[in-house]
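One chain follows as structure tokens, the form predicted alone.
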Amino acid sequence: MLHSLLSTSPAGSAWAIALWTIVIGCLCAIPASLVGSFLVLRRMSLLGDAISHAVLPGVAIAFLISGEISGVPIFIGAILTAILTAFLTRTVAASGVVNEQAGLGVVFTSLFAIGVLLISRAAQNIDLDPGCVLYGAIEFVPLETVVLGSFELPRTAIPLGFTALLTIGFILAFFKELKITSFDAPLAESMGLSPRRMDFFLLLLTSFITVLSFEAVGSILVIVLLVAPACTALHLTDRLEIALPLAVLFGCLSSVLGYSGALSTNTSVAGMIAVASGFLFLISWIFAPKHGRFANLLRRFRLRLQIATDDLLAVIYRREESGRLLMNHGESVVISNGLLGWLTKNRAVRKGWLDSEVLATESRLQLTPKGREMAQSIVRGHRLWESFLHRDFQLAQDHLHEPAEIAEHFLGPDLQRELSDQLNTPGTDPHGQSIP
């Protein structure tokens, strides 16, 4: 469909259609991604989906009054119903019986059901194209133009541009209030700010964005643009000041990539923009430096390697403490755990904790002075924690080792000193072993 549209247009016109299609996608993405960032933070990310269903009765009533299936009456009916959705949602949530999400579910399903009844009973002869409603017709938007001064613009670009400017202005004017109420509503209330009022304004702004974007991009893409760019940005940074422009960047990038993908595959532009948004989110979900899956796996592996290294040092320290030259079978098993064991020993050597000259002989591993100091701290934390559990929690001696084995890796010098002071500087642990 996209190929046939461009092939039947003159070269200059085809270029203009391509450019304006991308621009329209960006004009939809800018307000949606900005508002969507706050919706995601407030756990209201499916608000656009709810409003897209809730506006149906307004559309049906507007048709019954005007007899038109497009134009200003339909827009006014949709906007008024979206505002009604926001108001009813806040009213239901303010009752205290249900939370925001439950109130939203009750309101939009009820309004959607009313809309279905009105359409089925009073407007049976309307020719509605589900494809346009779901996917929009963004590739055809540049064909319907208006003259503004000396410029010829797509008609849809004017309200979308106005919405983008309105959204940017609202966020700049109320950024402090939006930020505080999104991250800490109780703190906002103590400062005299109203989280519910900010929620209502966000509901109202989301209503405008959702309704104005329907004609151009359809309901599915509106929902995607409200959620995906914001989630992508929030995966990459914890600072809202950076996340907002990043969300706009990813929304616009989705428009460019989506149009390019639709052009190469001759498919729906709006659908490909949604796919591009999901693809960008998938990349951030996997490779984000702090919150990505790969980074989480790497942190977990590093923690596991650190714990294994601590266990290795503690095993060697206890062997030296007992005066044994060789490790027993149980101790050798602990430090010979395949690849992890090899990485553990090499890490200990790199840190200067283990004598590299006897690395090849596992049973004769020796600590360096630096390693002995580190191992002593680990064993000290273990035995202090056992003493604390035995005295304050009355745990039996045979129940002390396992919890202390976990805690020993996280007891730094400060906490060890605090434990020792609370325990009146004990000399031995509950098993009779000296505390270094």
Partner chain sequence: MNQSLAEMPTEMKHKRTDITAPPVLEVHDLTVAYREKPVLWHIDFAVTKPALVGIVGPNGAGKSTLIKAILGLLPVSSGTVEVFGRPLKKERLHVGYVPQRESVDWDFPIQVLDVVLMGTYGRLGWFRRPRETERKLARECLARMGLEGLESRQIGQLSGGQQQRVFLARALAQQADLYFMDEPMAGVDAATEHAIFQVLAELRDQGKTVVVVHHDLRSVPEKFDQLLLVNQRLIAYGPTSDVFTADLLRKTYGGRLAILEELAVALKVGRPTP
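Between two forms, the rigid core is defined as the largest C-alpha subset superposing within 1.5 Å. Numbering follows the first chain given and starts at 1. Computed from a predicted model, the values in this text were never measured in an experiment.
From this point on, the text means the form predicted in complex with the partner chain, which you will not see here.
Of the stretches 104 to 112, 172 to 180, 308 to 316, 347 to 355, only 172 to 180 has residues with a heavy atom within 4.5 Å of the partner chain in the model of the complex. Contact with the partner chain in the model of the complex, judged by any heavy atom within 4.5 Å, is made by just one of Leu187, Leu117, Val72, Ala295: Leu187. Note on the partner interface in the model of the complex: the residue among Leu46, Leu367, Leu41, Leu395 having a heavy atom within 4.5 angstroms of the partner chain is Leu41. Not displayed here, the partner chain is kept clear of Val227 by more than 4.5 Å at the level of heavy atoms in the model of the complex. Residue contact check for Ala276: none of its heavy atoms lie within 4.5 Å of the partner chain in the model of the complex. The closest heavy atom approach of Lys290 to the partner chain in the model of the complex falls within 4.5 Å.
Using a 4.5 Å cutoff between non-hydrogen atoms, Glu152 does not count as a contact of the partner chain in the model of the complex. Of the residues in 189 to 206, those that come within 4.5 Å of the partner chain in the model of the complex through at least one heavy atom are, in sequence order, Glu189, Ser190, Met191, Gly192, Leu193, Ser194, Arg197, Met198. When two forms of a protein are overlaid on their rigid core, residues whose CA moves 2 Å or more are considered shifted, and Arg299 is one of them between this form and the one not shown.
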